[in-house]
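Shown below, as C-alpha cells, is a lone chain in the form predicted on its own; questions about how it binds or moves come after it.
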C-alpha cells in the first residue's frame, strides 16, 4: 500500500504574498499628458555655466546696495583695474581705468526694473514684466555715445504646461524664435531660428537636455557652426562637477573645460581649467549678513596673462 508523504517546507510551493517586491518592481507608467514644464531654451546650459563661467574680474571692486523700502533700492559700484584693448599682436595690451556706477532697482512680484548709469556715459536698463500668468515680457537696452554701439531687445516668453516658447525682437532688424518641449519626464527637445537683417545672416539650431536628480546632460548644434555639449554631475547638495565641449566646424576651434562648484556654510568656491591651459577660480566669502568678500583669479600661461581681483559687497 502506497504511503503519501507530505511535502517538506523546502519543496512546498507557496503563492506570492500580496504587496511583495514583484509588484514594487513593476515599471511605472508615464503620463505623457502631464509632463513637467522645461526650462527656457536659452538656459539649457545654466547648471554648467554656474561652474564654468563664473563672473571673473580684474582689479578692485566695491558694491553697496541700500534698500529704501521693500520694493525699491539704490546701488553704488566702484571699479578700478586694467582694461584690455583690441590688438593685432598676440600680446595683451591693458590700460588702467576706473569708473563709478549708479543703479536703481524696483522689484515687485510681477514687475522688475533695473537701471545702471556709468561715468563714461553708458546707460543700461533691464525690464521683466509678467503680463499674464503664462506670458512674460523681458527687455534690455544699452545706450552709449559711441556710434553703432547702442542696442535694445525685447523677449516675449510663453510658458505652457509642458513647453516654452520665446520670440525676440531687437534693433538692426533682429528677429528670433525658440521652442522647447518635454517629451519624457527627464528629456526635453527644442529648436531656434533667427534672422539678423542688418548683417543679412540667418541661422537655425537644435538642442536636447536630459536631467535627473543627480545629473544634467545637454547638447546643442547650430547652422552657424557651433556644437556645444555639457555635463553636470551632482555629487551632493553642496558639491557638483561640470564639463563642456565647444566646437566650431567652420573655424575649427575646439575647447574643452572642467569645473567645480563647492558650497560651504560661509563661502562658495567655483573654478575651472580648460584645454587652452587657462585656470580660473572665484571665491565668495560671507563675513556677515549683507557683507561678502570676493576673490577672483585667472591665469593664462600661454598668453602670459594673469588677472587677479578682490572685491567687497555690502547690502543684499
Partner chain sequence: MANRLISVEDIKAFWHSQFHDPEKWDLNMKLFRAVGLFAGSIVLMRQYGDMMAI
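Numbering follows the first chain given and starts at 1. All of these numbers come straight from a predicted model, not from anything done at the bench.
Although not depicted, the form predicted in complex with its partner chain is the subject of the following passage.
**Student:** Have a look at 286 to 294, 243 to 251, 65 to 73, 42 to 50 and name the one stretch with heavy atoms inside 4.5 Å of its partner chain in the predicted complex.
**Tutor:** After filtering at 4.5 Å, what remains is 243 to 251.
**Student:** Residue 279 near its partner chain in the predicted complex, any heavy atom under 4.5 Å?
**Tutor:** Looking in the predicted complex, residue contacts with its partner chain do not include residue 279, since no heavy atom lies within 4.5 Å.
**Student:** Given that the partner is absent here, does residue 302 sit within 4.5 Å of its partner chain in the predicted complex, heavy atoms only?
**Tutor:** Because a heavy atom of residue 302 falls inside 4.5 Å of its partner chain in the predicted complex, the answer is yes.
**Student:** Just to confirm, residue 256 within 4.5 Å of its partner chain in the predicted complex by heavy atoms?
**Tutor:** Flag for residue 256 set to yes.
**Student:** Decide whether residue 233 counts as a contact residue for its partner chain in the predicted complex under a heavy atom distance cut-off of 4.5 Å.
**Tutor:** Answer yes; at least one heavy atom of residue 233 falls within 4.5 Å of its partner chain in the predicted complex.
**Student:** Could you tell me which one of 229, 137, 143, 118 places a heavy atom within 4.5 Å of its partner chain in the predicted complex?
**Tutor:** So the residue touching its partner chain in the predicted complex, by this definition, is 229.
**Student:** Of the options 56, 60, 267, 273, which one has a non-hydrogen atom that comes within 4.5 Å of its partner chain in the predicted complex?
**Tutor:** Contact check passes for 273.
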